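Listed next as structure tokens is one chain, alone, in the form predicted alone.
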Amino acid sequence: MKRIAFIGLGVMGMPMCCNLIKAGYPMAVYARRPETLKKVVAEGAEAKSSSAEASKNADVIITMLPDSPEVEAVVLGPSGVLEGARPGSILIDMSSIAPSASKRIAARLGECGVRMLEAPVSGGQPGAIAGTLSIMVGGDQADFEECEEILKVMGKSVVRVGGIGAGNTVKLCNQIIVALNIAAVGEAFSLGTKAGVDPAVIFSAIRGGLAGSNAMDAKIPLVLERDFDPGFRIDLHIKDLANALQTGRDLTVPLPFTSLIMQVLQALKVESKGDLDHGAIMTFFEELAEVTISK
């Protein structure tokens, strides 16, 4: 069984790492917060003093970090993955970062004989806990096949979408659709609620038709309960859409609605809602309509 190093034990990384430990994989871990390390050590992981130390004896190194600068620092920086990883090992970066950053990191690793897959995920904290994430993989086919079993411990849908850069491109497509979907649901439910229709009834009536979506199924029950505890924070969605807009500029692809929903997210951040779940996008439309979508 492959030896794994896991670096990045946040809201998503912690349950993903724990699922791999439960599946029997030998696990070395590194995180900056000692209390985080204690949790996974209790599950059977071996704590290390740096990313380099964690990577030293690993066949597969998994990173789950906030954005491109953090991944580049952890992988390529002092005491980073590249200092410890041996030639022939594979880095699976499961962070959601800019496609251009993935290509830079993969090129640098390749110079030292370390292979790379990018494998950003969708499904939020609930999917990470349940091991039901959707995983979009970019990289070499042979490397994907070698790591597919590991990825399937963490996800119910594991699809190789192309070479390095393709995985994060598909993730950006996903994030555009999710943000705009939640916005559309918020706008529509604000209208229906203001008109006097029970929002729970609206949900029941339309969820099985063409307007139905996983985003609506996931978010409306929480909004009805006024539950905005973060499964995926607005701040992180802002980060993803910033990467999408930059990629659009790089490729000369107009993204007018992405630009618009980015302004909505930034307005929510100004209202100190950046740490709320992205389902709180709906509150923007509630405030405009002076209505509350709730039971």
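Because the structure is predicted, anything quoted here is derived from the model rather than measured. From 1 onward, residues are counted along the sequence shown.
Although not depicted, the form predicted in complex with another copy of the chain is the subject of the following passage.
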{"query": "Contact test, all of 56, 94 and 101, partner another copy of the chain in the model of the complex, heavy atom 4.5 Å", "finding": "no"}
{"query": "Contact label in the model of the complex: residue 244 to another copy of the chain, heavy atom within 4.5 Å", "finding": "yes"}
{"query": "Any non-hydrogen atom of residue 258 within 4.5 angstroms of another copy of the chain in the model of the complex", "finding": "yes"}
{"query": "Partner proximity in the model of the complex: residue 251 to another copy of the chain, non-hydrogen atom cutoff 4.5 Å", "finding": "yes"}
{"query": "Partner contact for residue 114 in the model of the complex: another copy of the chain, 4.5 angstroms, heavy atom", "finding": "no"}
{"query": "Stretch in contact, per heavy atom within 4.5 angstroms of another copy of the chain in the model of the complex, of 86-94, 142-150, 211-219, 67-75", "finding": "211-219"}
{"query": "Listed residue that, although another copy of the chain is not shown, lies within 4.5 Å of it in the model of the complex (heavy atoms), from 191, 130, 107, 224", "finding": "191"}
{"query": "Residues in 267-295 with any heavy atom within 4.5 Å of another copy of the chain in the model of the complex", "finding": "278, 285, 288, 289"}
